[in-house]
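Read the single chain below, which is given as structure tokens and is the form predicted on its own.
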Amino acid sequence: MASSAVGVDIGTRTITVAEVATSRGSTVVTNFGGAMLPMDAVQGGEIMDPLEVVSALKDLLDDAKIKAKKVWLGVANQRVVVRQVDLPWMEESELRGSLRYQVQEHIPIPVEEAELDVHIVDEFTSDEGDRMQRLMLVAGHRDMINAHVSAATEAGLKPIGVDLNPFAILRAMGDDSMLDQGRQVLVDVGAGVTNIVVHQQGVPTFVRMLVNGGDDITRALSSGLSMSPEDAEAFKRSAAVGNTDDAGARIVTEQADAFIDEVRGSLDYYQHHQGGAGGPQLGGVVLSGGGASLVGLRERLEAALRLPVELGDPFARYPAKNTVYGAEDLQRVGPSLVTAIGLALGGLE
């Protein structure tokens, strides 16, 4: 088990990094940072302008004084497919070795063009008495993943693993205790991608990646009010969801409500396919990501879902060591660092 690890999250509008370490039996965050990306350098989680991404990543590593070169990367976009699959039981090493020959019918990507991963969810006996296992299968287009690896390599890093962002979010924020009220929902809102995870005691039972996020509001403001993207972004950050006093406020609220409908629809789909009204109950929501800071979003989401929604705070679980940030500042930046911290935690396993 590694004693320290670094996670790099290349998002649509920002790159974030986090370094974690084990210290006296506990895990702490020893370094972190973030940098803005130029508009359209990354779209919907996919790298469009590698040179801009490499430049921003180099500057961030220098500013944050990240010395380690070995890093864990994450991906989440529409070129990644997550499917729940039932297969005959086998040892995990045998399963991984034969995965390519068993899953083509379950994914819309030719296996020779895909990188595959699997997360074992459960074991059960079929109606015919056969020993089976339920899997969370992940398939990503190899060229998309290679673009992330190449950007990190060009920035002087040595990627040693690529994880699915929803799994990193689960690792960082998932409550592994039994929730009396039901299963926990994690919603991480980025600029271009929103990750939704439902889990039970740390085992994912549903993963969905929506190509929706804070940039939808920015684009609607820019178009509706004839603003530059930069001015629209600034307006969004000062607005409050639920306010309809003027045209800009109405645009923010309408876009936020459309986003909330997407989240609610995803959870309705999950519950319907898990048994409908008699299916698993949801106990609460943890909201994270850069978009979680939108004023009023948490309260609006809570009212729509009729579930308690709390703002994710990774530093409550993994304290920051030797930082100049105060408690209030850590609470402010924490939600945007959840994925990078979760990726780094994967490097400790």
Ligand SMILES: Nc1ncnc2c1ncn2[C@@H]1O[C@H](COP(=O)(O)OP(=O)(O)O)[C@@H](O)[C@H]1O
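Nothing here was measured: the structure is a model prediction, and the numbers come from that model. Start at 1 with the first residue shown and count on from there.
Another form, the form predicted together with the ligand, is not on view; read the next lines as being about it.
- The candidate spot formed by 7, 163 and 208 lies out of contact with the ligand in the model of the complex, as no residue has a heavy atom within 4.5 Å of it.
- Residue contact check for residue 312: none of its heavy atoms lie within 4.5 Å of the ligand in the model of the complex.
- Among heavy atoms of residue 189, some come within 4.5 Å of the ligand in the model of the complex.
- In the model of the complex, the ligand sits within 4.5 Å of a heavy atom belonging to residue 236.
- Using a 4.5 angstroms threshold between heavy atoms, residue 74 stays clear of the ligand in the model of the complex.
- Of the stretches 154-162, 134-142, 96-104, 214-222, only 214-222 has residues with a heavy atom within 4.5 Å of the ligand in the model of the complex.
- Although the ligand is not shown here, in the model of the complex the stretch 33-57 places no heavy atom of any residue within 4.5 Å of it.
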